[in-house]
Each structure stands twice: as structure tokens, then as C-alpha cells.
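Only one chain is shown below, in C-alpha cells, and it's the form predicted on its own.
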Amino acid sequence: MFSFLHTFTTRLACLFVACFAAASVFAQGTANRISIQTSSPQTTISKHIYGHFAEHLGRCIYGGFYVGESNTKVPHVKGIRKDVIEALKQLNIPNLRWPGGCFADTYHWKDGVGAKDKRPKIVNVWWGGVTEDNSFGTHDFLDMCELLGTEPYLAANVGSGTVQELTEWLQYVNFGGVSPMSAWRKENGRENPWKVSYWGVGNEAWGCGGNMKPEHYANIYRQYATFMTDWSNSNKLFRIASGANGADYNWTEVLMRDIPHHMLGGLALHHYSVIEWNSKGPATGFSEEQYFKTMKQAWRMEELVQRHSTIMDKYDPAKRVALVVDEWGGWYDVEPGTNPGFLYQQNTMRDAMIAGMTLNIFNNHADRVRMANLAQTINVLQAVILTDEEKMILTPTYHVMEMYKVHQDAKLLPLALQTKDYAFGNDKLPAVSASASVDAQGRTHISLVNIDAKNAQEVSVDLFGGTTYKTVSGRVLTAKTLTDHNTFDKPENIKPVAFNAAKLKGGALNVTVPPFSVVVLELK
């Protein structure tokens, strides 16, 4: 895969320096050099690329977001942790996906509304076989999104649900007029509808969402999508189809061919940075070999986005349909002594590398990638927050998301990148990744990631387009070792600090990026 990518992008690099297309190009060479076109940017980096994911899985909802209205140990607002609200507000999270994941296709929304002591209990068959009491339901989630100032992204039950169940949920949360469902909503304490725009029509239909073939799912999608809105989609729902698992390009081909595009707002894609599904390795205490293999899987996102986008371009050259990467992140063995079904793992500098690289890829493909969701927000997989009763810590991934929020809804600055190798054994990867944007105030931001476990990278940045910069400042996230992480005893072991190894002179910028670090620069 990498030989194909490097050959292809090396040929494009020469053309790209001249015309500055809207995506970055990664070519390997003997030096690290970036060329950035600063004038007349065209593509907006959608803030929705920086979305998050909250599934009824392990301690993501219960003990993570939600501690219950009667909790006296943890400060909360109607059961939602105040510390979590404040931390996520600092990220400007644009959207939050709920209730799954695999859980979504076994979830029946009516079980989660009304008096909490009368809600039926179910078994979460996917994640640990634990009892789900449905105390956190539609009102709790949508009211929480209002507290967070974020857009809800609801994943509908297609695998074990019905069209009627989904249309009634839509009516319950979105309809302000007279109807049975809106009347029920008012009886349950909510006068005005929430007006939810983002709807996923099932999840992983190729797997836990029903083990469907793409042709079958395309027909199912068409059926559900038909009854979600009217002829002209006057309520402007953004309907998202369950997309491919990694490199299943046939899935994308079939859906783009068989689903009328006026019924399709986005097509999902899932990819995790997993070494091997049956031998994922530890979240901490990993070797450099394991780190390198994880980075190789993370770098696959570049190829996946390119190739799925190429298929989408074939059927949708105007790029009307968004590529929605609504599950991504690192996946390792759970922490020793924890429930294997809860997917609780620590978060190290390796995860910061995954986050920085992946977000650079999304930024550089913002013409097609217009929504994404890190998996998951709290206590599950590559979480931004970990909790333990009343304690809470922010992970290295959190800090990368906070540093990168400067790119949200900014204009993409096209760049061409030539990078040195990060070599391990007989294999090698691009050492540096980058993306750049200019915000509404005219400030230019450049995000740089060096995945090399041992070597700093000297990066020369050429700024074209006539913009004159007078100052450069920045922050860096790094640590003493790759396996470093924040703990409840040392919650600030890793956090961003001021970065002074960037020198600006005329139209050139020279930057020394430390090993395994993320740097975000601001030029004015």
C-alpha cells in the first residue's frame, strides 16, 4: 500500500507545487520541506470533522457523562458531570454521535423516555452483557447537547428496528405541531422540539448492524430515508448511510451507485489503528515495534480517504455527498483487571500521534471529508477524558483536539509536503505530516506532527501567495517517552507548553519538531 501511495504522490508533488491543489501531498525525500499557498483559499475545513462519539459502552455514558440526578459526590447538572461539560466546551465539540455504535441497532428509543423508574431494562449484548436500565435516554442526551453547545448526531436502529420506530423518533424530537409523538414529548417535560439535523441510518450494516450485503443495505436505506422526510427534504435532514469497513471499496461503489444522491447527505467510513484484531497489544508499555505498526495502520487513513473519495467522485463529481468518518482512533487490549467488554484503555503519546496525523489527513481532504467522530469521548478506546468516581483527567488526545480547534471552519491552505522517513527495521513511514488554514481573523495556523520515535525533524516552510507575516508563536505536545500518559495521581504529566523552536524570516519559516510531538503554530 505504501509503495503505491509514495509513487503516486511523488509524481503529483511536482504538479502540486505549481498549482497547489486542495489536498496535501506526501512525498519522501532527503529533507523536510513544506510549500504553502496562502492566497485565495477555497475549501472550508468543516468544524464537524472534530466530532465525538458516545456509545452505551462500558463507562462512557454511566460514570462518564452521566452520574445520575441523586449523586452527591460528583457535581452535576441533572446528572451530567459539570467537569465533563466544562472540559468538552473547551474543545468546541461540533457534534456528538449517540447511542452507538453496535448498541444503536439494538436500542429502542421509547425505552429511554418517560418516568425513569418505569423504563424497561435490557441487556447490552454487545458490550459486556451488562444490564442497561435506560436511565439515560433521548431527553438526557439532547438536553446535554444543549449544555455542551453541540449538534446531536443520532444513530437510528435499522438492524432490529422498524421504519415506523424511526419516523416516530423523528416526530418526537423534531416536530413542533400537533401529533401523538410531540404530545408525548410535552407530557415528558419538553415543550419545544430539539430540531436534530444529523441522522445515521443504521451502523455497520456489514457487521453488527445486520451482516448485510451492500445491495441489500442500499435498498433498506432507501426505504428508511424515504419516510424520514418529505419530497424535498424541507426539514433539511442530513441523512448518513452506514458506510464501508476500512478498504471495502465495493461497499462504497454500490451505495454511491444505488442510492439516489438527493436522499444521501453523507456516507460513513470506519477505520481503527489496530495492529492485529486478535493481538492488539497493550495501551501502555508497548515496544517501538508495536508503536511503528500502530502508526502504519493510522497512516492507512490517507489511502482509505483517497480511494473512497475517488469512487465517490465518479458518481458525485460535485462532491455533494460528504465522506463521514464517524469512527476512528486507536484500539488496544483493555487495561488489566477491567471488563473486556468495556474497552477501557489508557491514552499515551502514541494516541496523540494518531490524533494529530489523522486530523491533518481530514483537514487536507476537507473537500470531501466534512464530518468525523473520534471513538470515543470518555473511558472507551481513544478517549479524550478518563474518569474514576469524582476524579477526571484529560488525555494527550484531548490536548491535540484542543490545539487543533483553530482549524474549525477555517479555510484550508493547500500545501505540498516532502518528508524524511521514519524507519524501523526494513520498513519506513513518512515522518512528518502537516495541514494549514487561515481563520476569519486572518491568522494562519500550521499543525505539524513528527511520528519519529527518536529523531527531531528540521522542517523548512515556504509561504507563497504574497501574505506578509510578522510574528510566529506556537504550542507543542510531547513527553519524555512514547508511553507517557496522564494518571489520576499525575493528571498534568502531559499537556501543551509554549513552543519556541520556530523562526520566521521573510517568506520562510524554519521549525525544529521534537521526536513524537505535535506542534501548532500561529502566524500573524
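Throughout, we count residues from 1 along the sequence that is shown. All values derive from a computational prediction rather than experimental measurement.
Just so it is clear, the following notes concern the form predicted together with alpha-L-arabinofuranose (AHR), a form of the same protein that is not shown.
Look at 483-491, 54-62, 467-475, 31-39: in the predicted complex, residues with non-hydrogen atoms within 4.5 angstroms of alpha-L-arabinofuranose (AHR) sit in 54-62. In the predicted complex, alpha-L-arabinofuranose (AHR) sits within 4.5 Å of a heavy atom of residue 327. Shown alone here, residue 185 lies farther than 4.5 Å from alpha-L-arabinofuranose (AHR) in the predicted complex, counting heavy atoms only. Although the partner is absent from this view, residue 283 stays clear of alpha-L-arabinofuranose (AHR) in the predicted complex, with no non-hydrogen atom inside 4.5 angstroms. Contact between residue 203 and alpha-L-arabinofuranose (AHR) in the predicted complex is found at the 4.5 Å heavy atom cutoff. The single contact residue among 422, 344, 272, 404, judged by any heavy atom lying within 4.5 Å of alpha-L-arabinofuranose (AHR) in the predicted complex, is 272. Proximity to alpha-L-arabinofuranose (AHR) in the predicted complex, taken as a non-hydrogen atom within 4.5 angstroms, holds for one residue of 363, 252, 376, 348, which is 376. Remark: all three candidate residues (102, 127 and 331) come within 4.5 Å of alpha-L-arabinofuranose (AHR) in the predicted complex, counting heavy atoms only.
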